[in-house]
Ligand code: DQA
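First comes one chain, alone, set out as C-alpha cells in the form predicted alone.
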Amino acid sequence: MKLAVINGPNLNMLGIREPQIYGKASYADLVAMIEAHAKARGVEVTFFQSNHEGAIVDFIQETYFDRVDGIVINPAAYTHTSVAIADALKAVAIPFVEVHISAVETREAFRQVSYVRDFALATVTGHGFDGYIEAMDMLIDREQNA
C-alpha cells in the first residue's frame, strides 16, 4: 500500500509557528514519526508540503498517476478557501482523510469552513501529530478490510 501525506501552507514552520497551538515539534519531527509508523505498518509513504495552492493541486493530480492508495491531507489555511484543492481531491477519487493538528472547531469562525470535509472519509482534529497516525491507520485498515 502507498500513502501520500500532503501538508499545506505554514506547516513547514511547525515548532516555530504558534507553539501554544501547534506544539514545539518540527515538521522534520512529524515526517520522522510518520515514516516510523509507515514502516511498522508495512506501507510506503511519500510527503509533500507547499505554501502554494497550485503546487498542492499538481501533487494531488500526480498521486493519481503514481497509483497512491490513500491520502492524508492537512490543507491548513487552504481548508477554508480552496475550491481548487477540493476539486483536485474529487477528480482523483483517491480515499483521503482530512487532518488538523489543532481543534479547528474550537477556534475562529472562519476555521469552521472546510471545502474538503464533505468528500473525506473522515476528519481528525485536535489530536496533534497523532492525528496523522490515526488518519493513516484509517486508510490502511480500510484497504486491508476491503
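Heads up: residue numbers just count along the shown sequence, starting at 1. Treat the numbers as computed from the prediction; the structure is a model and nothing was measured.
Heads up, the form predicted in complex with the ligand isn't pictured, but that's what we're talking about next.
S.K.: Looking at His52, Arg41, Lys90, His80, which is the one with a non-hydrogen atom within 4.5 Å of the ligand in the predicted bound form?
M.R.: Comparing distances to the ligand in the predicted bound form, the residue within 4.5 Å is His80.
S.K.: Which pick from Val116, Val68, Val104, Ile34 sits with a heavy atom within 4.5 Å of the ligand in the predicted bound form?
M.R.: Selected residue: Val104.
S.K.: Heavy atoms within 4.5 Å of the ligand in the predicted bound form: which stretch in 82-90, 107-115, 24-32, 44-52 meets that?
M.R.: Only one stretch passes the 4.5 Å heavy-atom test: 107-115.
S.K.: So in the predicted bound form, does Pro9 come within 4.5 Å of the ligand, heavy atom to heavy atom?
M.R.: Result yes; Pro9 sits at the interface with the ligand in the predicted bound form.
S.K.: Mind listing which residues of 72-100 have a heavy atom within 4.5 Å of the ligand in the predicted bound form?
M.R.: Counting only heavy atoms within 4.5 Å of the ligand in the predicted bound form, the contacting residues of 72-100 are Asn74, Ala76, Ala77, His80, His100.
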